[in-house]
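So this first bit is one chain, no partners, the form predicted on its own, shown in structure tokens.
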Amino acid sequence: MRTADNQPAKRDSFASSFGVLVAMAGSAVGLGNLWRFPYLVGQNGGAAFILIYLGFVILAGLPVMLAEFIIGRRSQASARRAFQVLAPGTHWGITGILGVICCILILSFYSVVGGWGIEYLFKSVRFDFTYGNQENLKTLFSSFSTSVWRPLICHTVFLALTAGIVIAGVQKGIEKFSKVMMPLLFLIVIGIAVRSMTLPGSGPGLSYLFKPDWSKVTSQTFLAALGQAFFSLSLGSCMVITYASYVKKDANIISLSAQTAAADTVFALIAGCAIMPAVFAFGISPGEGPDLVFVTLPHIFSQMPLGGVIAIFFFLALLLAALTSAISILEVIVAFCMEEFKMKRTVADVLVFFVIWVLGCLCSLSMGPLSSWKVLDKNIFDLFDFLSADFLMLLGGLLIVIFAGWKLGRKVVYDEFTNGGTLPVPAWMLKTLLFLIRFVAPAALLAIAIFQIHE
């Protein structure tokens, strides 16, 4: 939003560098770390996958994050307007619109999964996992996720919690929540990891995580690692652009990007230490897939000493991780409505809540009563997941690095990296980062896209 004299209107911002870091880390740390990362490790050879993943975080994930930081901080504007401010009179604003659409689709099904987390936190508090074998727990999850009312109620509660945080604003809502919940989230997962690693028979799980077995590496391993590095950092959907627009001009965006990527990666590794040793200790296959969190782990908790208490903390962590990511997704859409349609935050937040709530209800019901409604042979839940993760995020990420690296050009990129020449960044680092943004990141994104087309 700009005033009559074409100066940026005063807008909310993060109050401190720590606030920026925990908010950005919260955006990146989500269900993908606690849910997707452990089972991808299990399905793709363990430690070898982790090392490849770390390489792609540096070579592909970090450059895209830096590109989004440049666009957001430089423009001090929301998704679409950021491109209009930096490239007026062009069609680059479409990139921001694609990001907003992507966020709408993601939050619609993400809030459903977040609702599952609420349900399972409730079940763990009632110690529902202290009995029953794995087959019974699988039936329990299937029965719940395909039913009508309980998933809808949980989806509504999760979305209301998310909207309640965002409605308070950047400093009083997002930053305040993140400052408390992100450290708590890390502490909970570290505590679970310590318990998991001290179980009898947990040693093979640690070896699986940290002793590479390169004989199991295939082309699929590289592509899975590349995809996880990109999606885990919440890139390509303008989430980073939106948060970066609230970052002050004196912040070191290279440092913030690196710290965010590091926090996300460390959390994913801690999550692996919390899950894999326990999986091996109880003789369960490490490649269980998405059922790992809602079926396999409850089965493990039922057999583990003090497992009922561990289950409470685990599903609390799952809920917190989901919320920290969900607020960043919702903020993209709310900020867009505020700046494009001159809405007050309260109005935009409530409006977006109802839109996402309706779409989320369709996603939830598509697991059960509406399962016969299919497009491209996918139900609504899977269709939204496919369109966002396999298409819009990839396209958005590609357009973002092209825009930052080529449209804005070397002078603007260097100016943002050095804060107008006030930060002493070595010339070799500036050249390396620009090379990664211009060439390496686009090549990586194109590789994922080609694989998705031929899969």
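So that there is no doubt, residue numbering starts at 1 and follows the sequence shown. No experiment lies behind these values; they were computed from the predicted model shown.
One more form of this protein should be noted, the form predicted together with a small molecule, which is absent from this view; the next part is about it.
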Exercise. Which pick from S111, T242, S234, S364 sits with a heavy atom within 4.5 Å of the small molecule in the predicted bound form?
Worked result: S234
For this session: With the small molecule left out of view, choose which of L105, I329, I380, V189 has a non-hydrogen atom within 4.5 angstroms of it in the predicted bound form.
Result: I329
Exercise. For the chain seen here without its partner, which of 32-40, 395-403, 410-418, 57-65 has a heavy atom within 4.5 Å of the small molecule in the predicted bound form?
Worked result: 32-40
For this session: Look up in the predicted bound form whether A28 has a non-hydrogen atom within 4.5 angstroms of the small molecule, and give yes or no.
Result: yes
For this session: Determine whether any heavy atom of S178 comes within 4.5 Å of a heavy atom of the small molecule in the predicted bound form, and answer yes or no.
Result: no
Exercise. Is the gap between S196 and the small molecule in the predicted bound form 4.5 Å or less for some heavy atom pair?
Worked result: no
Exercise. Using 4.5 Å between non-hydrogen atoms, is S325 touching the small molecule in the predicted bound form?
Worked result: yes
